[in-house]
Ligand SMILES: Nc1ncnc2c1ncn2[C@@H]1O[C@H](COP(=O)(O)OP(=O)(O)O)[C@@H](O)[C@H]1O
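Before any questions on how it binds or moves, here is one chain, the form predicted on its own, in structure tokens.
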């Protein structure tokens, strides 16, 4: 089996090496120019990112890389596979988005896990990738259904792909749940487990960050999740619950009040 897959890895490596040569040539041309124009050119596959991908290929973390399945201002997500044919989501955070840097700070500051992180953009982006990886690990340990983390280095995060054959599971925004009452209840239960067992608040919950996979909801995009000791944790939880209620109320669900949701998630109303 390994021999059959070797040519595939060689082809991927050849493409990466070619891209790396292009980047090096561009760097030589731009050696005198460190202005914003260079930042615009250094999009997803800069030299550092290519070297991380190459390392993951060498170690067997990744065996195949295919096209983009999700593109945003902050990151690109590629579909890939490991040596066993398991589907992977390869998330590459952009290291040049200035607005992204501003948005990160409020979630990183106050998180004791990243107390000593530097404030330059690249360091913050690397910390952000580490943050999502650690949040996913904590969620997995608490048996909260989210994408399982596989590996992380610098601005590259490898995790379980939710979907099939490179087609991502739809978000609730794209495909509302068939049984919204049950889905609402499941999500409140999972937020409670995330809070009480994993010690985390999602922090950016909406219909955009919940997938419907095999008929059940699954939380994703955990990079902004914060520990309970974070000074914004309470505010973020209440905002998550407000967003959840707003969405399901539109679907005709008789939602609980935000305070009732809060007590259910945190367990503060239990004896």
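Numbering follows the first chain given and starts at 1. Values in this document were obtained by computation on a predicted structure and should not be read as measured data.
Although it is not shown, the form predicted together with this ligand is what the next lines describe.
J.: Given the stretches 105-113, 187-195, 119-127, 74-82, which is the single one in contact with this ligand in the predicted complex, using a heavy atom cutoff of 4.5 Å?
T.: Among the listed stretches, the partner-contacting one is 74-82.
J.: Heavy atom to heavy atom, is residue 209 within 4.5 Å of this ligand in the predicted complex?
T.: Looking in the predicted complex, residue contacts with this ligand include residue 209, since a heavy atom lies within 4.5 Å.
J.: Check residue 156 for me: does it contact this ligand in the predicted complex (non-hydrogen atoms, 4.5 angstroms)?
T.: Result no; residue 156 lies far from this ligand in the predicted complex.
J.: Hey, in the predicted complex, does residue 147 get a heavy atom within 4.5 angstroms of this ligand?
T.: Yes.
J.: Given that this ligand is not shown alongside this chain, does residue 131 nevertheless sit within 4.5 Å of it in the predicted complex, heavy atom to heavy atom?
T.: No, residue 131 is distant from the partner.
J.: By the heavy atom within 4.5 Å rule, which residue out of 232, 50, 65, 69 makes contact with this ligand in the predicted complex?
T.: Selected residue: 69.
J.: Note which of 152, 89, 139, 94 lies within 4.5 Å of this ligand in the predicted complex, where distance is taken over heavy atoms; exactly one does.
T.: Spelling it out, the residue with a heavy atom inside the cut-off is 89.
J.: Can you list, in sequence order, the residues from 148-169 that come within 4.5 Å of this ligand in the predicted complex, counting heavy atoms only?
T.: Heavy-atom contacts to this ligand in the predicted complex: 159, 160, 161, 162, 168.
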